[in-house]
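In structure tokens, the next block holds one chain alone, the form predicted on its own.
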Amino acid sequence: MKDRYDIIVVGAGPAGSTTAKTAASRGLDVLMIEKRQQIGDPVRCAEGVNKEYIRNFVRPDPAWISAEVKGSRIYAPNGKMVEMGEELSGVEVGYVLERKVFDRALAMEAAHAGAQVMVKTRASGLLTNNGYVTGIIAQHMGKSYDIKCDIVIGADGVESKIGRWAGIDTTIKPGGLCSCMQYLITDIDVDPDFCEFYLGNGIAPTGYIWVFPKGKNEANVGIGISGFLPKNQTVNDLLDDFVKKKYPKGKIIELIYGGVPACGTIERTVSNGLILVGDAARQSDPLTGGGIFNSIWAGDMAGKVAVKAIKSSDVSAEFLQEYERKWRAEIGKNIDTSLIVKNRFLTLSDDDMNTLADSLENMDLKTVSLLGLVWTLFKTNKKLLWDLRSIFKDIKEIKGVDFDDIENID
């Protein structure tokens, strides 16, 4: 470990490794640090990602693909099932990953590109000079090191300190953090071709339960809750109740838990000499909690902008705004739209969700976009639609989508 690099990336998840790889492959001297002793462990996600999206950045490898699914099945509170193809199922459906292997593979690609990777190394503070971030204070094996650089990349996850140290407000307001818990269960009967989602205030109020197959007889079974639960309920209790009823003979071989930012975008993700990516930048989807693809996409953008900034000898926040503009124009629009839809869905009763599921009975779910699906759902129920007129106008403004029918509802 040297005392100076062009870029220091804090965090070796998908966002950090992609940023490091992108920058190093373009000739920059990059250090990537990870506070844990093993990259990819512990896993804190359902491990699903859209295979078409991910192929734009990573060559698929059977070593980190546990299952390749055809689509998703969504179960309404009354048990009615809606089946969707992969194209409509969003960024979480396609491959079910082995995240421990996947994250390490991304880190190896960064190393092969020329980045230096240091595990069991954490940032305990930032170095600054004249209003610029100029490096980090690193702790490694009981020793402290001042390491300078031109740009620090904060890819340190939902609990990110890098942004806060740089004066960026990364606070997650109450209700903006999705509380998640997941079991890896074996010896169960699951369809290996479909991810499953279960809705209902009785099983997952303000959230949903998922079943992501990892082979013929095992799956990730988890729950994510976006709001507050009554005092007599816990995420653990809700998941246990579901598992006991659905998979009474299943054997739990792993437990993970954690928080996912479901708060929407934050005010800014750059400062002089600093860029935030991934969960540290609150770039996960507020509706589904999915963040793998967004993190990789943003990491690629951040790496490219960082290269341009350093080669231009300008690492000011003004120059780094190019990254801010790019990710907000693409990822940010999707996040803002998902937040609008999420906030409305949180108000739905079980009867409302059952009605929406009923309205899809004769619909071809392989020929419509996700946003088109949402529009169709509410168009078939005038009462719900009336409440959502302003929301769809907001979506139109965010996405540039023309919902002409919205003005022609009786």
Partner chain sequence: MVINVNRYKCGYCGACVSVCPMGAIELIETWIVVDDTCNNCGICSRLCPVGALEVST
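Since this is a predicted model, take the numbers as computed values, not measurements. Positions refer to the first chain, counted from 1.
From this point on, the text means the form predicted together with the partner chain, which you will not see here.
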query: Proximity of Val221 to the partner chain in the predicted bound form, heavy atoms at 4.5 Å; finding: no
query: Partner contact for Gly27 in the predicted bound form: the partner chain, 4.5 angstroms, heavy atom; finding: no
query: Close approach of Val82 to the partner chain in the predicted bound form, 4.5 Å, heavy atom; finding: no
query: Pro192: touches the partner chain in the predicted bound form, heavy atom cutoff 4.5 angstroms; finding: no
query: Listed residue that, although the partner chain is not shown, lies within 4.5 Å of it in the predicted bound form (heavy atoms), from Lys326, Arg164, Arg104, Lys304; finding: Arg164
query: Selected contact from Lys51, Lys70, Lys35, Lys342, since only one has a non-hydrogen atom within 4.5 angstroms of the partner chain in the predicted bound form; finding: Lys35
query: Candidate spot Phe228, Val235 and Gly259, all three touching the partner chain in the predicted bound form (heavy atom, 4.5 Å); finding: yes
query: One stretch from 108-116, 173-181, 309-317, 332-340 that, in the predicted bound form, holds residues within 4.5 Å of the partner chain by heavy atom; finding: 173-181
query: The partner chain in the predicted bound form - contacting residues of 99-138, heavy atom within 4.5 Å; finding: Lys120, Arg122, Ala123
